[in-house]
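One chain is shown next in structure tokens, namely the form predicted on its own.
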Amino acid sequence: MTGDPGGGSAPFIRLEGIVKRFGAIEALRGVSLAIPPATTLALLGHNGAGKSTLMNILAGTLRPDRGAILIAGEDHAAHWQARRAYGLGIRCVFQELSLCPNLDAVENTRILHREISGRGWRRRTEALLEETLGRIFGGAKLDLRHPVGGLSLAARQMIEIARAFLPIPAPPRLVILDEPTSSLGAQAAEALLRFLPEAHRDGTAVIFISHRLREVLTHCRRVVGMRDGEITAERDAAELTPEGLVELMGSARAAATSDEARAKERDRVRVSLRLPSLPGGPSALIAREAEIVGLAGLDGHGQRASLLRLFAAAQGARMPDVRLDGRVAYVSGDRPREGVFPLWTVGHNLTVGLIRRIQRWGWLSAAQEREIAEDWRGRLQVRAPSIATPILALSGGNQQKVLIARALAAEPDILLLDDPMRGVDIGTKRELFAVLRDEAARGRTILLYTTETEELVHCDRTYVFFEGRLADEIPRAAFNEERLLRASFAHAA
């Protein structure tokens, strides 16, 4: 499918008939796309639709097997690579960040922008980076001289975004943002989205990949849908509704939402964590058997710390304020640092927590390992050719399915989920929440921290955090966005 979504503007770049295979997997099947200057183009699709492969080709980190990459009428496909793409003004902020963890922000910027050289390069780079961070994120203050591996995920994301928008040697012509807001707090995400029209004034085009449908409808001009390695639709964002965006991406298994599909709440308390509270707030976080309990509020206000405190107590740390009844498993939302083993297969990543169960006399049972991995691959509908597929060959959403399958395969009574749906498409979310409801109905207790309000409707109760304290406890029947926001911004009351 070809088209010029720029309303008459000559496209900056045109892809024609792009094909890319990875062994037996045909990731892209003749994709054609025109990208106009100075606009935001949304790219939507379920995990595994081919979005990341297409963006890697645009960024030059992959070369197509077939097809044309036309810039100003010249085909660059035969010699396409990252340095050529960068030289033509194409920059990419990948969902899995590419910063060198042992270097600080200034040094990471120097790696990408080799034009910065000579005496005083560090001072000039730091000043330019601070200025660009200010333009995009307002008053955000980051330690640019600290190794980025020690910074929060949100801080690393902000640095990567600012690095891509640096106006050297000239403003970028195309910036690819792959799930840029999934790691940011609400304020930083909104600041980035408000910045995009300013970038367009410099002539910069933006490809925006997001599964937050409100962001797409509010801030993008054109929407392109992908499914199974092909572009299936192009629409003006103004013509679409949230339901229309879901249809544009293709069908996904619908999730039941009725309480009748859930087992009735039981009285057995599985988790108790005493925390300081605001006036009128609950004095403890309580989770019972067969419940899904949400943790909400502005990012960094104690939700993740509470989950880690519970997990530490499960590992034997002395925590007088914690009471747990049952085995505990934890799933991190930071896949690269705390989730996948990047050199391992899907099967090994899934069964690594079960080594004691599948070994006898010091030897692992390969047959039992395969049986367990295949079973959970099927249960969570992990889209991979086989369990022998390298984990990094999977989309981000399917990698996350493997991590959740790993945790569930360990048969925990209590499952701690730290923003597990970050960067996961809406269809995959529905599949995963259906799995979580089934597991809760079987008696498991699930604590879910999420930065997305839409996910909290799946929870039986939601605790709202503010500055490490409990601000509110909202039952499902009383949950609404207004009450959540009021509790999240308790300092304004």
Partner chain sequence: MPPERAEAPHAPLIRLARRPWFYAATGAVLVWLLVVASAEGRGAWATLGTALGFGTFYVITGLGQMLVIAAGPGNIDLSIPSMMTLAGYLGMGLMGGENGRLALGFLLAFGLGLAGGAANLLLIRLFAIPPMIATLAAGLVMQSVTIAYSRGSTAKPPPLLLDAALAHLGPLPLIALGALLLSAVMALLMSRSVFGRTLLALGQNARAAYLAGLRTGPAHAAAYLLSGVFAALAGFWLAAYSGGASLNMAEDFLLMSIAVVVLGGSRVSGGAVSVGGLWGASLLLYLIVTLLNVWTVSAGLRYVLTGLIILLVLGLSGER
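Numbering follows the first chain given and starts at 1. Small disclaimer: the values here were computed from a predicted structure and weren't measured.
Another form, the form predicted in complex with the partner chain, is not on view; read the next lines as being about it.
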Worksheet item: the partner chain isn't shown here, but in the model of the complex, which of 234-242, 340-348, 379-387, 212-220 has heavy atoms within 4.5 Å of it?
Response: 340-348
Worksheet entry | Site test, I25, L62 and A72 vs the partner chain in the model of the complex, non-hydrogen atom cutoff 4.5 Å | no
Worksheet entry | Proximity of R406 to the partner chain in the model of the complex, heavy atoms at 4.5 Å | yes
Worksheet item: Heavy atoms within 4.5 Å of the partner chain in the model of the complex: does D178 have any?
Response: no
Fill in: Distance check, D104 to the partner chain in the model of the complex, heavy atom within 4.5 Å
no
Item to complete: Give a yes/no on whether G353 approaches the partner chain to within 4.5 Å in the model of the complex, heavy atoms considered.
Response: yes
Discussion item. By the heavy atom within 4.5 Å rule, which residue out of G281, G326, P336, P171 makes contact with the partner chain in the model of the complex?
Written reply: P336
Worksheet item: Within 4.5 Å of the partner chain in the model of the complex, heavy atoms considered, which of Y86, W80, F195, F311?
Response: F311
Discussion item. Using a 4.5 Å heavy atom cutoff, which residues in 348-379 contact the partner chain in the model of the complex? It's fine if the answer is none.
Written reply: H348, T351, V352, G353, I355, R356, Q359, G362, W363, L364, S365, A366, E369
Discussion item. Having a change of 3 Å or more in the C-alpha distance between L392 and H79, I'd like to know whether it is closer or farther in the model of the complex than in the form here.
Written reply: farther
